[in-house]
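A single chain comes next, written as structure tokens; it is the form predicted on its own.
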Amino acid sequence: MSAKMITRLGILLSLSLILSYLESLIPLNVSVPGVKMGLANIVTMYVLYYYGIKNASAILILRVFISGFLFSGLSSVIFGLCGGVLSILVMYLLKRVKSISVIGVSIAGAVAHNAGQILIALIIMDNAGVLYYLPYLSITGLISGMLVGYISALLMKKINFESQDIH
């Protein structure tokens, strides 16, 4: 990997951490735990589309670890990794389907992220009661996925890369 690529990915990781921090400052008054807007996922979407699954996964994992330890804690890292890994896999697979838009990929990723978090909560807590939150998290995932997808689509449309600079 070239120094230019490492620099770009480092800047994108920094941007995702800034968005994650800014999001932590916005109070969301909802009674469902785990609800977030997912603004840092704008960067994840961008990296997935322009730099591939390996780089997007690396950015996601590094962001979850760093932001978790800086802003929230170990449980946030565990839940973020489980949701993030499922999310990135779903987005990667759906991105390959030409008829699915960036917004559709983002929505599926957000819903998958919430499903991954519910799955790990189910394993950790060994209590099926956490499934109660799944419909609510799916609705918030749909909304936040549309927002992130729309912003990501606009960003990708506005930024014009030459093909040799992308890969």
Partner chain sequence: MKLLKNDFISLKKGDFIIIAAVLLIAGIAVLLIMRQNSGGYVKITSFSDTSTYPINEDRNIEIIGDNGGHNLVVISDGKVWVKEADCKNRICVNHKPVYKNHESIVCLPNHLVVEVVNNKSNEIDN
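Residue numbers count along the first chain shown, from 1. These numbers were taken from a predicted model, which means no experiment stands behind them.
We do not show the form predicted in complex with its partner chain, though everything after this point is about it.
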Review point. Could you tell me if residue 52 has a non-hydrogen atom within 4.5 Å of its partner chain in the predicted bound form?
Key: no
Practice item. Verify the contact flag for residue 27: yes if a non-hydrogen atom of it lies within 4.5 Å of a non-hydrogen atom of its partner chain in the predicted bound form, no if not. Key: no
Review point. Does its partner chain get within 4.5 angstroms of any non-hydrogen atom of residue 82 in the predicted bound form?
Key: no
Review point. Contact between residue 21 and its partner chain in the predicted bound form at 4.5 Å, heavy atoms?
Key: no
Point to revise | One stretch from 36 to 44, 104 to 112, 66 to 74, 52 to 60 that, in the predicted bound form, holds residues within 4.5 Å of its partner chain by heavy atom | key: 104 to 112
Exercise for review: Can you tell me which bits of 131 to 150 touch its partner chain in the predicted bound form, meaning any heavy atom within 4.5 Å?
Suggested key: 131, 132, 134, 135, 138, 139, 142, 146, 150
